[in-house]
Each structure stands twice: as C-alpha cells, then as structure tokens.
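The chain below stands alone, shown as structure tokens; this is the form predicted alone.
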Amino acid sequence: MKRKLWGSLTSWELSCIIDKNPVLVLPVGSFEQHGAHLPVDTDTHIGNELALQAVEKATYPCLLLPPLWMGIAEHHMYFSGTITISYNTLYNLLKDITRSYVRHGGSKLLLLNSHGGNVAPLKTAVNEIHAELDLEIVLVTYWDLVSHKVMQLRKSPLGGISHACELETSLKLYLRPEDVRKELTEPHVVPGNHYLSPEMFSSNKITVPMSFEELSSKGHIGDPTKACSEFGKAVFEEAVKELSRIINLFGEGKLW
C-alpha cells in the first residue's frame, strides 16, 4: 500500500510511477460540527478511509494524496469547532496542487468529495481547472455511489439521512466506533416537502440557502439512533468497490 501513498514515496519513485500515467486521487473533506455524537473530522475521516481502501483495491496504477481536511462549511459556523474556507481558497488550493502534478507529467486527477457543502463549489472548480490546465479530471461524491445500497438497507424514513445521521453514524460505527458518543444520539428527522428536503438522497426542485441552526438546534439532521455497524460496513464496502472500479475505468480511458 505504501507504494501508492504519495507521501511515502521518494521523488525518484514518484517519477517512475507518474511515467505510467496513474490516476491521482485527492480526498476533499471538511472539519465541521456533527452534532453532539460525532467528531468534527467525520467527513474527512470517512472520505480518507474510502480512498485508502479503493486505491489499494484498484488494479490500474494510482497514487493517493493526503486529504484536504478543510472545506466550505459556512452554514455550520453557528456551532463550535467548525472551520470553513472560502471558495477562492478551495479553488486555489486545488488548482495549485493540480498544476504541480501536471508539471511533473501527470494527466489524470480524481477528486473524492465527502462533504455536502463542497458539492456545488467542487463542480465549479473542476470545470474551471479543466479549462485552464491540460488534464482529465473526475469528481466523485461518495454517497452518490451507494444510493441504491442505502435505499435497500436503511431503517429510517425520508429525512432520516442528512447530517450526522443514520448513514454517517453507521459508517463511523464501522470504521472507528470509539468516535461515536452513542449515549448522545437522538432522532431529529426533517422530511421537508415536495420542493425541498435536507434528506441526502432527495431530488430537490429548488435551492434555498440557510444556516444549519435554522434546521437543527443541536446540529444534526436525521436519525442516528437507527445506525448500526452492519449498515456502515455494507455501504462502505459497496463504495470501495464502486470507487476502485471508477479508478480502473478512468485510468483505462473507459469511464465515458
């Protein structure tokens, strides 16, 4: 595995791998509040663990950078512990990392997003970076890969999976159970309506900007009391399988 971790390799080793036109994987997460029961590194931790296992499983040459742990989280700033950056900061970080990779001869970058607040900014960023730099770039948000599995196995109703919810709490129970303050979990389901819902898998017809405290006095939305490690394991393994397949297809030029 160390042969795929950017920071564990020497300059000469990296040069040899980059000559093989690998897929460079960069997880992008966040440090933000996750209610009373999950730590602020939840998004970054889940994304990085997923990237580690997918890169290890992938057969096409690939490299993994350390995660960007900061993201767009202004809507969580009411709650202590959240760290947010501006779009320009995120974009410039991504552009500078990408430019460095391109200067060394790299041409394939996969961004793995694990934070809801990053979705729209990252879509804009990848389009701008692609237009400016000569490389292929793919953006993946992990829960998009597992929507079918989640809908098969979830126990909570609509509104039960949003933030520090059944899904994220289950993933943490599987990956690092000691992080979960189970005695502090409680349901806070916000189903929304026909036009707008905070549910992670809803198909919203409108966008309404709002801060998180408008939706939840304690910072979480959903039902973490329905969480279990078995659900987390099933979803995580499906995400690893899908992401490793995407890496292989991307590298082989068969993704689109």
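Please read these numbers as outputs of a predicted model, since none were measured by experiment. Residue positions are given as counts along the sequence shown, with the first one as 1.
Keep in mind the form predicted together with a further copy of the same chain is missing from the figure; the text below concerns it.
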| item | value |
| --- | --- |
| V189: touches a further copy of the same chain in the predicted complex, heavy atom cutoff 4.5 angstroms | no |
| Contact test in the predicted complex: E237 vs a further copy of the same chain, heavy atoms, 4.5 Å | no |
| Exercise: P39 in contact with a further copy of the same chain in the predicted complex, heavy atom 4.5 Å | yes |
| G253 within 4.5 Å of a further copy of the same chain in the predicted complex, heavy atoms | no |
| Partner contacts in the predicted complex for 117-145 (non-hydrogen atom within 4.5 angstroms of a further copy of the same chain) | A120, P121, K123, T124, V126, N127, E128, H130, A131, I137, V138, L139, V140, D144, L145 |
